[in-house]
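Take a look at this one chain, the form predicted alone, written out in structure tokens.
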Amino acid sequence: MEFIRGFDLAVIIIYLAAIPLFGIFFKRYVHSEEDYFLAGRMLPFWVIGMSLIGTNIGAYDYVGAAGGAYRFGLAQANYEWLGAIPAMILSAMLFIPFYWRSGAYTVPEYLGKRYSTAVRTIEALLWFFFLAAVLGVFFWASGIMLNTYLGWPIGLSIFIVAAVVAIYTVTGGLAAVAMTDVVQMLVMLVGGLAVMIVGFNLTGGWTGLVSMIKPLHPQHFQLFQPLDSPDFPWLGIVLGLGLVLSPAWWCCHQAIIQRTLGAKTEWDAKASMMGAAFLKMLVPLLVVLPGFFALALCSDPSQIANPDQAFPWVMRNLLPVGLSGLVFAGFIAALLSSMDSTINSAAALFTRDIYQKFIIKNASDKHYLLLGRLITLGLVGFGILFAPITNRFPGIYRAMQELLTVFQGPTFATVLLGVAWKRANKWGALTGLVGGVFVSLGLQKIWEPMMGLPRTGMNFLYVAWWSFLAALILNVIVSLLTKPEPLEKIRGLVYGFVLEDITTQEALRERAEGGK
């Protein structure tokens, strides 16, 4: 038995040692900032699509979503079913073509082209500080997982994983991140399916699982919870998640969009998101069911004092030795996918939208490449320091969502109007973005959980909706009261003008053919 446990540990150690080799291998292809941040714009659709899912099914999904299902039930699956698929299709068909055609490296850079430098800078700072903070969430997830599964101290666990992810992200850039995500997604899929098969075998399938949980937790099988639910009220799910947070995630999230900006063609950029949407339908089975298995099969609730321990408990207690090590490697894959994407995207934001814009504008590629790598190391250090603050939120998943809600509503409103309405201008965007963020901060009071104070703020789902609506209204009103943008500035960046250009080109083509 001890030998087999040692074999499990050997699998994990070999995996952790092998992953940095991707960075070392792809380092030979990294000669400029475009190579580092966008993989030289050479990625095919299938790599991007698998990388998107590898990034999305991150550590906070495996640990946080399973913990959410353990605590709240099926309502946790709304994050995958209700919001993701429609939002991904919207992103592929409407937003990604504009980002890709603009030649931007980041979402804030697109907003700078569409609106102004001020809008670009504020958005870049918001994303940079969010990504730096959420890196701490991922590190904390790794600490909980390794502590529960292997008994390692949380601090040591965080340091080891941070070192691994820093090596291959610093050396190989986006190419290493994307190709590593492909491998990690396959490992995650195998691990998640193994948990599902073993769990259903022990509980007697879905019917047996329901019969074991429902007598004590009947609310766990309600996809939509009542309006007075403090966590997932159905109206908040529809308005805050379905109409704001999910579209904002898939249409404006820097770590998501940066993948598509590295596509070799516009078709690859759009096809990657559509392919990822198909794979996304499997995600709830991988990240929610473990929470149900833990709730049904753990006879001593004291073993899962923190709901975020549900997934590591399942791995340690339900899976046979050997398979347990493989599934744990799947978790490590998820963890690294989340971290590498966050780090690379945050480094791109600071380098392109802050440093290159305001500090040193015309340096060499080597200069910006070195800066990007230094920023990457700095982010890892900040994430390690921020990680313990995550424990002050009600679970890893909630920590992620509440941090995101601070600015995602205003961001989505700003990008949506920029793409869809040619009358939106720089003053409307600036007022809407800043005003929406202040509305979010005032309603949610995110500083309370971060400082360990009693929570008095509004549910984050409603905050997302009201901050989005406030930003939208402010943008429209101020834009109508101020001077519109010059047409030559926004041509190619707004949906209406793209349609006009297509119509004009078709008319000219028909006229030319008629002349023949």
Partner chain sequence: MDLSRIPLYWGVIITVILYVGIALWAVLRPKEYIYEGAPNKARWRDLRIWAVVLAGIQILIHIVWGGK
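Positions refer to the first chain, counted from 1. The term rigid core refers to the most C-alpha atoms you can superpose between the two forms while keeping them within 1.5 Å. The structure presented is a predicted model; accordingly, all values stated were derived computationally and were not measured.
Unshown form predicted in complex with its partner chain; subsequent notes refer to it.
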- Item | Heavy atom of M93 within 4.5 Å of its partner chain in the predicted bound form | yes
- Message: My question is simply whether D300 lines the interface with its partner chain in the predicted bound form - judged by any non-hydrogen atom within 4.5 Å.
- Response: no
- Item | Distance check, T265 to its partner chain in the predicted bound form, heavy atom within 4.5 Å | yes
- At the 4.5 Å heavy atom threshold, is Q222 in contact with its partner chain in the predicted bound form? yes
- Determine which one of 268-276, 372-380, 420-428, 106-114 lies within 4.5 Å of its partner chain in the predicted bound form, judging by heavy atom distances; exactly one does. 268-276
- Message: Check for me whether its partner chain, as it appears in the predicted bound form, comes within 4.5 angstroms of all of L74, D228 and Y495 - heavy atoms only.
- Response: yes
- Message: Within 4.5 Å, heavy atoms only, which of V238, L404, I384, V198 is in contact with its partner chain in the predicted bound form?
- Response: V238
- Item | Heavy atom within 4.5 Å of its partner chain in the predicted bound form - the one residue of M281, V321, L186, L202 that qualifies | M281
- Counting only heavy atoms, which residues in 85-117 are within 4.5 Å of its partner chain in the predicted bound form? I85, P86, I89, L90, M93, L94, P97, R101
- When the two forms are laid on each other by their rigid core, does G112 show a Cα shift of 2 Å or more between the shown form and the other one? no
- Message: How about G418 - superposed on the rigid core, does its CA move between the shown form and the other one by 2 Å or more?
- Response: no
- Comparing between the shown form and the other one on the rigid core: C-alpha of K270 shifted by 2 Å or more? no
